[in-house]
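Before any questions on how it binds or moves, here is one chain, the form predicted on its own, in C-alpha cells.
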Amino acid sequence: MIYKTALLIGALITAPFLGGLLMGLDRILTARLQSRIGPPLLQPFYDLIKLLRKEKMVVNVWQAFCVNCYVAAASISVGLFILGSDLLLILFIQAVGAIFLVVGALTSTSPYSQVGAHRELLQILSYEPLLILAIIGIYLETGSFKIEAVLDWEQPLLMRLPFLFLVTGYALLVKLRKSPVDLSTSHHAHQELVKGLTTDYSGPYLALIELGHWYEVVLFLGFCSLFWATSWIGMLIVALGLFLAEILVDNTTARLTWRWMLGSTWGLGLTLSLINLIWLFLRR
C-alpha cells in the first residue's frame, strides 16, 4: 500500500515534468526543421509559470469548472496507468476529461471557440474508436485489459499487433493535435484557426490546460510503449521514436479538412484494425 501510494505521488509529480521537457524538445526540433534556433528546452516551464502569475480571468464560471475537471481526469488517468489498472477504465476517464474541455469551449459565444470545440469533437470521434480497437487487440493477445498483464507478457505485442500499432500511432497524431490533423487548435501560426478550442482561456486556466496536455502526452506515449513491454529500454525506444516521428510529420504536412480526417481514420484506421483483429482471432 505504501509502495503504491509513493509510486502514485511520484508519477503525478514526474509526469508533467516529463511532458514539459517533451514539449520543449518538440519546440527545439520544430525550430531546427524550420531553420531556426528555437527556444531553450525549459521554455514551456517558463511559459507555464508566467501564465500562473497572471490574473484569473474567465468568460464564465462553467469554463473554470471544466478546466479543473479536464486536468483532474488527465492526472487520474496517468495515476491509474502507473498503478497498472484497466486500460478501458483509463481510456474512459481520459475521454471524459477531453469532453469537459469541449463543453467549456462550447459555453463561450466566441465563434473561434465554437468552431474549435466542434472540431475537437470530431477529433475525439475519430481517434477514440481506434484506441478501443487497439485495447481489444491487446485483450485478445494477453487475455486481460490490465496493464500488469501486458507487462508480464513474454513477447512484444508489436509482433502480433503491427497494424494496431500503426493505427495507434495515427490516433496519437490526432490526439496531440499535430499537423495534418491539428484542426481544433494548433501551435503553427500559419493555420487559419490557431487557438480555436482555447481561444477564451488565459492566465492560470490556460496554464492548467497546458498542464493537462502534458499529462496526456505522457499517458499516450506510455500506452504506445506497451507494444514493446518486454523491456524498459524497448518501451523507451518505442515511445521516443514515435514522438520524434510525430514531430517530423507535424512539420512536413499541411492541415487536412475534417472530412479527410474522418475518412482516413475511419476508413484506413478501422480497416487496418479489423484486419489485425481478424488475423489475431484466427490464430487463437
Partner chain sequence: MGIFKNITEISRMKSPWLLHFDCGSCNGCDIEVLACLTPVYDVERFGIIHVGNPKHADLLLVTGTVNHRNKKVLVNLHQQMPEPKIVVAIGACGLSGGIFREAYNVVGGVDQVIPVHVYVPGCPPKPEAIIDGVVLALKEFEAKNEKYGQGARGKRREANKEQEKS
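None of the values given here were measured: they were computed from a predicted structure. Positions refer to the first chain, counted from 1.
The form predicted in complex with its partner chain is left out here; the points below concern that form.
Chemist: Given that its partner chain is left out here, which of Thr107, Ser179, Ser85, Thr199 has a heavy atom within 4.5 Å of it in the model of the complex?
Modeler: The option sitting close enough to the partner is Thr199.
Chemist: So which of Leu121, Leu206, Ala72, Ile93 gets a non-hydrogen atom within 4.5 Å of its partner chain in the model of the complex?
Modeler: Exactly one residue meets the criterion: Leu206.
Chemist: Okay, which stretch from 249-257, 232-240, 41-49, 212-220 lines its partner chain in the model of the complex, with non-hydrogen atoms inside 4.5 Å?
Modeler: Contact-bearing stretch, as computed: 41-49.
Chemist: Ala64 near its partner chain in the model of the complex, any heavy atom under 4.5 Å?
Modeler: It does not: once its partner chain is placed as it appears in the model of the complex, Ala64 has no heavy atom within 4.5 Å of it.
Chemist: Though only this chain appears here, would Met57 touch its partner chain in the model of the complex if you measure heavy atom gaps against 4.5 Å?
Modeler: It does: once its partner chain is placed as it appears in the model of the complex, Met57 has a heavy atom within 4.5 Å of it.
Chemist: At 4.5 Å between heavy atoms, is Lys146 in contact with its partner chain in the model of the complex?
Modeler: Flag for Lys146 set to no.
Chemist: Indicate whether its partner chain has at least one heavy atom within 4.5 Å of a heavy atom of Arg160 in the model of the complex.
Modeler: Arg160: no, not in contact with its partner chain in the model of the complex.
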